[in-house]
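So this first bit is one chain, no partners, the form predicted alone, shown in structure tokens.
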């Protein structure tokens, strides 16, 4: 393959992409990356306002974007979105299951309702997205690409996030299982497993209720994480979005059932 053709293979012109959790963080960065590379992006988030803001940013940059409200834990709503996108846009070529929440606390004190809540979003929500997208993609001549958000927590245990880690480990196995079933139909299923990334989820440690940053607390949180990482740096949402774009594009046409780990080296598998 010639160099120019290889570079072009990272583009996703003419493809329709759905990104959950697109209202902020990694979801927003992924939606912007896909749109910047030519995709028409449906930006889905439980927060309709932030989903719309991401879509507006895409449109302002000359791309095609649409913001929609979506609770990924409601199977019927996920199915309905897939059906609507198919009917209105003629197909779904990329589906990114990025939406997620965090529940923290000691294992021995974990509450059942908290466990149920995180499982409904981080595991079942990905399951529903995979099903909805997969049903469409297996009928398309061009197949498609499903990208799931896992985490370094699935590889490197950390205290107080057992429920989160369970979900992310389950996402890895779900990704591999689905990849085997739909590969013959030209559908690729992969996952990204980020390390510590500066997002709203991690910012909860040092962002005050009014949105301002407690810089002393920020350094107290980020400093040790930076030292623990072989690259001595903290990830940005765009670092993960680059991996998402690769998996969405034809550059990854020979990739399925895999987990890409943009984590600065904190987990090497």
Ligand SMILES: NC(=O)c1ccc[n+]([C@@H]2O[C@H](COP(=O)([O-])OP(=O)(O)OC[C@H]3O[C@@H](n4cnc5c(N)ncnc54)[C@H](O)[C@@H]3O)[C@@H](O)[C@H]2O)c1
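Positions refer to the first chain, counted from 1. Note that the structure is predicted; figures quoted are calculated from it, not measured.
Heads up, the form predicted in complex with the ligand isn't pictured, but that's what we're talking about next.
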query	finding
Proximity to the ligand in the predicted bound form, single hit among 85, 94, 189, 72 (heavy atom within 4.5 Å)	72
Sole residue of 103, 197, 136, 123 within 4.5 Å of the ligand in the predicted bound form, by heavy atom	197
Heavy atom contact within 4.5 Å of the ligand in the predicted bound form, the stretch among 178-186, 94-102, 107-115, 127-135	94-102
Contact test in the predicted bound form: residue 46 vs the ligand, heavy atoms, 4.5 Å	yes
Partner contact for residue 24 in the predicted bound form: the ligand, 4.5 angstroms, heavy atom	yes
Residue 149 within 4.5 Å of the ligand in the predicted bound form, heavy atoms	yes
Heavy atom contacts to the ligand in the predicted bound form at 4.5 Å, residues of 231-250 in sequence order	none
